[in-house]
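Before any questions on binding or motion, here is one chain by itself as structure tokens, the form predicted on its own.
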Amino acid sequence: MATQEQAAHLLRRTGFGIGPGQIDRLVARDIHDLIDERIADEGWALSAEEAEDRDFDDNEWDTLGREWIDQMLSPETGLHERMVWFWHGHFTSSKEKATDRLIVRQHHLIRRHCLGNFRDFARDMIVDGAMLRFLDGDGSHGDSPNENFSREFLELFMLGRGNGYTEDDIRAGARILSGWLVDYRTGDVSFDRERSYTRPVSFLGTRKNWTIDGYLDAVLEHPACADHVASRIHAHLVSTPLDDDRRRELGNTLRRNDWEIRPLLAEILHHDDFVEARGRRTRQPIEWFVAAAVAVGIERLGDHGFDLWQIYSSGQIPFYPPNVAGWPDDDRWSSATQVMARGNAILNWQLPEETLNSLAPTRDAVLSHLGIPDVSETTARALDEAIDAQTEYSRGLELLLVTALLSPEFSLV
């Protein structure tokens, strides 16, 4: 049966925020049933046609970012949304180089594939307009191809840096991936055979005339591919280091299930490593701000003083990753600078009336409300000192909430 700690951990790692009473509804249910329910999450996505027909305006970057944060804030948010966020940092593209139209199409492509089949996912990404623009595949000519897309596809997306491929493979891959064009105005992607490389090349140990599908099959069949992809997902959801045997085991789960993502997620989330990995990973800014907003009862971006600029000022902007490797997933997000920025931002929030009226200004009440079953002696002392130093009548509840939201127990998942 799920304990409070297990239920809270599952909600944090497979979603974003924990709403009031959400943990209590899960406690005493079978933990593996709860995990299966999270894995079955369907989420939502526009079809390719709907994404293509979407209207655009001059401020689309702001509109799309707000829509996504609002989706994360929704009580229905679960593993589907968590995996959309993960893949956005894996198959990275930036609006610095891609148009609004292309980014919207890619975003919903990720939504459609994030819990589906990785082979289909990678195939669509190879010819995605935003990806081709971002990694210079657009207009690459077979006789003198740009190697950027080929390099990052192998190094970051599929095999991992230095895992069984050579510089010659990168150069050959660049020729195989050449010939694709993106219409900057319409966003349409087309293949120009005259720009492609039509002669045989040697790639990953095989010399032949290649198609995109043949290229992808060769990459997927490489011994490092499934292990790399599985370990990236494991790092995001579990965060504890993998030994070689466990990495191969997870990779084999992907291969054995014909690259379906859900069976891999089941293998990861049902394993003892997941259950025992509480408090091992620092929340990234978007994860933290969304979780904090949900906890205090904010339902939409722009309400109660919560706005997009507060997230942006913490160094994480959706659709603007710092580089092709995406955002780091390490302890830099728990630096003193980050903590100060988060504290300054939420001090400008106004608590919803429902929260003010229903929440007692005590340590236990606040911790229960935030979904924190237990804290260290240091955190408990800081919370007690916060309420002792400032009465309920001088925003004592707000101070207590801010202190709890900035605590290690809330900032780590």
Partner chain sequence: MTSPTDNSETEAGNESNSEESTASFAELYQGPKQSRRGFLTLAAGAGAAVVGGAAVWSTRSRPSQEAVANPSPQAEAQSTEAAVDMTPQRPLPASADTANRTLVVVELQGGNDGLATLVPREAGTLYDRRESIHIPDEELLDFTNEFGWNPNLAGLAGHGIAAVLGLGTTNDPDGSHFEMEKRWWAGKSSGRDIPFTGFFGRLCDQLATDQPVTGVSLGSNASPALRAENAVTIGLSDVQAGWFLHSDDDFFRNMQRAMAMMASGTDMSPGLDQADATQRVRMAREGLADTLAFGDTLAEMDEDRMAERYPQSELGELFGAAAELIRQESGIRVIHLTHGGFDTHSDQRGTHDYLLTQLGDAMGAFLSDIDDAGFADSTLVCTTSEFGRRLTENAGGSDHGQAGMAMLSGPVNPGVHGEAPSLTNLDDGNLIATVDFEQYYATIAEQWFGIPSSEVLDSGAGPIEGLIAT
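Please read all numbers here as calculations on a predicted model, not as lab measurements. Residue numbers count along the first chain shown, from 1.
Unshown form predicted in complex with its partner chain; subsequent notes refer to it.
Visitor: Would its partner chain be touched by all three of 44, 77 and 138 in the model of the complex, meaning a heavy atom each within 4.5 Å?
Guide: No: none of 44, 77 and 138 comes within 4.5 Å of its partner chain in the model of the complex.
Visitor: Just one of 27, 365, 375, 51 has a heavy atom within 4.5 Å of its partner chain in the model of the complex. Which one?
Guide: The residue in contact is 375.
Visitor: Between the options 207, 185, 280, 256, which residue brings a heavy atom to within 4.5 Å of its partner chain in the model of the complex?
Guide: Spelling it out, the residue with a heavy atom inside the cut-off is 280.
Visitor: Is residue 68 close to its partner chain in the model of the complex, meaning a heavy atom pair under 4.5 Å apart or at it?
Guide: Outside the cut-off, so no.
Visitor: Should residue 348 be classed as touching its partner chain in the model of the complex when contacts are defined as heavy atoms within 4.5 Å?
Guide: Yes - in the model of the complex, heavy atoms of residue 348 and its partner chain come within 4.5 Å of each other.
Visitor: Since only the chain is shown here, I'm wondering whether residue 320 would be in contact with its partner chain in the model of the complex (any heavy atom pair within 4.5 Å).
Guide: So residue 320 counts as contacting its partner chain.
Visitor: With heavy atoms only and a cut-off of 4.5 Å, decide whether residue 252 touches its partner chain in the model of the complex.
Guide: Contact with its partner chain, no.
Visitor: Tell me the stretch among 194 to 202, 264 to 272, 307 to 315, 172 to 180 that has any heavy atom within 4.5 angstroms of its partner chain in the model of the complex.
Guide: Of the stretches listed, the one contacting the partner is 307 to 315.
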